[in-house]
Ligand code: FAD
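Okay, so here's just one chain, in C-alpha cells, the form predicted alone.
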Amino acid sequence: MLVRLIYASRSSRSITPDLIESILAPSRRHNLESGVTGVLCVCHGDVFLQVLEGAREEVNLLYGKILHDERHSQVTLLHYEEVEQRRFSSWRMGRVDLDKLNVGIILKYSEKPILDPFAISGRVALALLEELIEGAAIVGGC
C-alpha cells in the first residue's frame, strides 16, 4: 500500500548548502533502496517542507527517524493519506528553494508573499507541490 506524507519542520541550525547536502545525499541512497520518493523544500533559511511517498511501513519508519533527527525541530505533520499512485515518483529526493519562486505562485497558496508551511493545510501544501512539478521547479534527485 502506497502512502503520501507531508510535514513541515524548522532546522535546528541555519540551512546551508552543506546541511542540505547532509540530508539529501544519504536520503537519495536510502530512498533508492527503500522505494521512497519525494521532494524537500527549503524556505526562509530555517524551514523545511517535505513530501514523502512510498510503502506505508517505509514512509512511517522514515518519518519516525525525522522526528528524532537533531537537524529538525517543531516537526509538524500536515498531511497523510493512502494513494493509488505516486505523484512524486521521478524524484528519490528532489529539492526546491521556495524563496526563489515567483511571488505569484506563493500568493496562490498563502495569505502573505512569504510562505509559512505551518500556517497552511496539507491539501494546500500538496497543491503547491503539484504546481512545482508542473512548473519544473523541482531539481535533482532523479
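Everything quoted here is computed from the prediction, not taken from an experiment. Don't overthink the numbering: it's just position in the shown sequence, from 1.
A second form of this protein, the form predicted together with flavin-adenine dinucleotide, is not displayed here; the remarks below concern that form.
- Message: Please identify the residue among C43, L40, V59, L78 with any heavy atom within 4.5 Å of flavin-adenine dinucleotide in the predicted complex.
- Response: Of C43, L40, V59, L78, the residue with a heavy atom within 4.5 Å of flavin-adenine dinucleotide in the predicted complex is L40.
- Only one of E70, E33, E111, E82 has a non-hydrogen atom within 4.5 angstroms of flavin-adenine dinucleotide in the predicted complex; which is it? Of the listed residues, the single hit is E70.
- Message: Residue-level question: is L107 within 4.5 Å of flavin-adenine dinucleotide in the predicted complex, judged on heavy atoms?
- Response: Residue-level check for L107: no, no contact with flavin-adenine dinucleotide.
- Just to confirm, I23 within 4.5 Å of flavin-adenine dinucleotide in the predicted complex by heavy atoms? Yes, contact at 4.5 Å.
- Going by a heavy atom distance of 4.5 Å, is L115 a contact of flavin-adenine dinucleotide in the predicted complex? Taking the distances in the predicted complex, the answer for L115 is no, it never comes within 4.5 Å of flavin-adenine dinucleotide.
- Using heavy atoms and a 4.5 Å limit, would one call A55 a contact residue for flavin-adenine dinucleotide in the predicted complex? It does not: once flavin-adenine dinucleotide is placed as it appears in the predicted complex, A55 has no heavy atom within 4.5 Å of it.
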